[in-house]
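One chain follows as structure tokens, the form predicted on its own.
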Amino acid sequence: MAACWTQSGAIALACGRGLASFARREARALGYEVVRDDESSVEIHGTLRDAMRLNLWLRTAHRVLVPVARAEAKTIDHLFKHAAAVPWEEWLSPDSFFTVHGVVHNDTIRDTRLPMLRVKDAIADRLREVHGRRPDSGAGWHGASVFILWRERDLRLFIDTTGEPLSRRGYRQWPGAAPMQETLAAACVMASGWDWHAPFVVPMCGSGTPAIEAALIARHRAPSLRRDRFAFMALAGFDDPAGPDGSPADWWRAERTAAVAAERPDADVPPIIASDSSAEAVRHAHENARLAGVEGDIRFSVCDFTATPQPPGRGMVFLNPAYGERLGDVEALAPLYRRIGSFFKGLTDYRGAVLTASPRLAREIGLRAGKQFPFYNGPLECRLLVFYKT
């Protein structure tokens, strides 16, 4: 078995802005101690087997990264030198495909594609020197993956065990007019304070992402269970013959089997309701739920948001209305937000939550939020406003 599979060290969980506190909560719930975190990442310690488990279970992180080098790099030549010094042969096979991607903010670089190309060359040269042959590389997520984070002089190189981001669960084939990323939807469900035993109601459901993420949480279903490809599968030794504890491929099969066994039965899933005034949106949301495997856990209806069914008991109503940025105009949307306020005032046993990027429209709701959470929906700075009954 390749040594990389038994080494223990730092693992970085890369997140969207505003989501790190939720990824931290998830890591702790999975039994990991958080070493440090910042606005967009959480660090723990573990092995590649832990990275597998994290890729399977994390709902609010985008990537699971293993650091392999950190150095000061002023120029592209410094970048190449440091990348060439990494023992990539411990991680990558000369017979497999790999890709390089990342984030670059360096004043000496005008074309951010150039650092990726130079790191590809450094890796390929190193593997050719060690093994006598050069691996294939390019774009795409079908092989191993290397991630660069280069901010001014601070260079960090990682093995990306994820590949295609965890936010792409694979079920959202119909994105809708203003889709919400799956990781953000999961964070909103968590931040709302919803008790998974209680009903969760999503008027204005659009493509259905918040309702689907709520159903996955209620099911205790690993969000990436239906995904068939991760970058760690292309690392050196993944399919090596089994050792005393099995091969990495065996470990992965065991993780998936354990995840399936951990799912809650039908009887434990609370009512989850999704509605939209657009019949086409409801059809698309229904199809997305089918692809996610939670079609039977969500009840869909076509209606105005105020007429959305509310099962008896204490529950949560979550709305993600238009913000006045991409859909509609702020002035035109003001009456809608006033109706949302009236709707919330009429709730008896339910709490309400609204995600919006417009402070002006938030004021039109006419209620004071008990809690606010800063999030980013793409480039838009948003607030999740949670309203409590008094």
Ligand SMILES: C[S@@+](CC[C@H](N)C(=O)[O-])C[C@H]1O[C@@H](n2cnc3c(N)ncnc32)[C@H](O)[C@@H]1O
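We number the residues from 1 along the sequence you see. All figures in this text were calculated on a predicted structure; none of them were measured in a lab.
Omitted from view is the form predicted together with the ligand, to which the following refers.
- Though the ligand is absent from this view, in the model of the complex it lies within 4.5 Å of a heavy atom of just one residue from 102, 179, 246, 311, which is 179.
- 320 is the sole member of 161, 93, 320, 137 with a non-hydrogen atom within 4.5 Å of the ligand in the model of the complex.
- Just one listed stretch, out of 81-89, 202-210, 145-153, 102-110, contacts the ligand in the model of the complex at the 4.5 Å heavy atom level, and that stretch is 202-210.
- Using a 4.5 Å cutoff between non-hydrogen atoms, residue 304 counts as a contact of the ligand in the model of the complex.
- When the ligand is considered in the model of the complex, residue 281 lines it closely, a heavy atom lying within 4.5 Å.
- Of the heavy atoms in residue 75, none are within 4.5 Å of the ligand in the model of the complex.
- Although the partner is absent from this view, residue 257 stays clear of the ligand in the model of the complex, with no non-hydrogen atom inside 4.5 angstroms.
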